[in-house]
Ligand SMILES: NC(=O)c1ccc[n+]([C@@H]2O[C@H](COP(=O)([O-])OP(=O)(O)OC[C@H]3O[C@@H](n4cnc5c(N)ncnc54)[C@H](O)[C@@H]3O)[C@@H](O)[C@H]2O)c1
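The data below hold one chain only, encoded as structure tokens and taken in the form predicted on its own.
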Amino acid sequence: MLKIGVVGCGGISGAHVPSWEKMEDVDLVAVCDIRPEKAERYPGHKCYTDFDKMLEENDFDIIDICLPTFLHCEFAVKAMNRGINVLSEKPISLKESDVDLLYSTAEKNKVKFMVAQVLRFWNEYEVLKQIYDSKKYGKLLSGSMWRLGGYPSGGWNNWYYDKKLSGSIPFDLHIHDLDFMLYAFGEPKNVSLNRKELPDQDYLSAVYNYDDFFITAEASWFKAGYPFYMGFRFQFEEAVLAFERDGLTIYDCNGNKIKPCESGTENESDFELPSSDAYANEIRYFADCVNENKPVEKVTAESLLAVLKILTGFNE
């Protein structure tokens, strides 16, 4: 049974901790946060405010890092140097040089390392990739992706508000859509960026150009209380795929409306997938890689570095 430790009990831990707890072949041994009231939200596990002490007093197979962005690399290296496998929330870092540092540390210590780029494990996005790869509906013509919401509140010491710590919306929000683009379609030929950045709000719209298609992507931290909304719309020669508030729908050229992620619907497609939790999917994948000593192939150092190179340019 794998022994798990989670460090960082802020917002994203609310997706990670329940996923670990539901897995029958793992034991979530301990959680850690410098704010004791945050760690204590997860009863039934040892609670720590000191990461070093947690590592000294327990044997772990995996450390799951759910800390603020600027701490990811430091804590991952510390755990891997103790021979512990590491799953880290995105982004891998704000610095391109940390990609080599983290993967070389994993290799040196013969442990596994993965960044939790969750869209690679999200069923609706997986259907899109399968349709693109299979050309079931012909060539891709255009795409639109969005990840919109209000300015984040809270966070330890208001770290979101400091671009040097969070990377702002390129690294916190837009990274999801960009990472999926590189995973599904490869690197774009070029990108053009429009951005309106103020002290209390940030919005960007980027156009990624490929040989035969282009993708527009939006991300925001609006000053207003705009409710978070993510999704996509992709235009193929023979269909439009739309992942909107009511789920993923394929509108084909014959007038059919197909819901590939909902079983028991009419006009089921070749890509039918059951509804599932993408965070649980990524955690399960990494646990299986550790359990079965398989290489972590779903997220690669090369793709992470390519994403960082583009995002770094957005903040220059």
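Since the structure is predicted, the reported quantities are computational estimates derived from the model, not experimental observations. The first residue of the shown sequence is 1; numbering continues from there.
Keep in mind that the form predicted in complex with the ligand is not shown, yet the notes after this line are about it.
Annotated contact segment (heavy atom within 4.5 Å of the ligand in the predicted bound form): 66-74, selected among 53-61, 66-74, 285-293, 250-258. Interface residue remark: G5 is not counted as part of the site for the ligand in the predicted bound form, having no heavy atom within 4.5 Å.
In the predicted bound form, at least one heavy atom of Y160 sits within 4.5 Å of the ligand. Using a 4.5 Å cutoff between non-hydrogen atoms, L308 does not count as a contact of the ligand in the predicted bound form.
The closest heavy atom approach of C9 to the ligand in the predicted bound form falls within 4.5 Å. Checked against the ligand in the predicted bound form, the candidates W156, Y151, Y183, Y210 yield a single residue with a heavy atom inside 4.5 Å, and that residue is W156. The listed set M114, V118, V99, L94 contains one residue whose heavy atoms approach the ligand in the predicted bound form to within 4.5 Å, identified as V118. Shown without its partner, the chain has E89, K90, P91 in segment 80-109 as residues with a non-hydrogen atom within 4.5 angstroms of the ligand in the predicted bound form.
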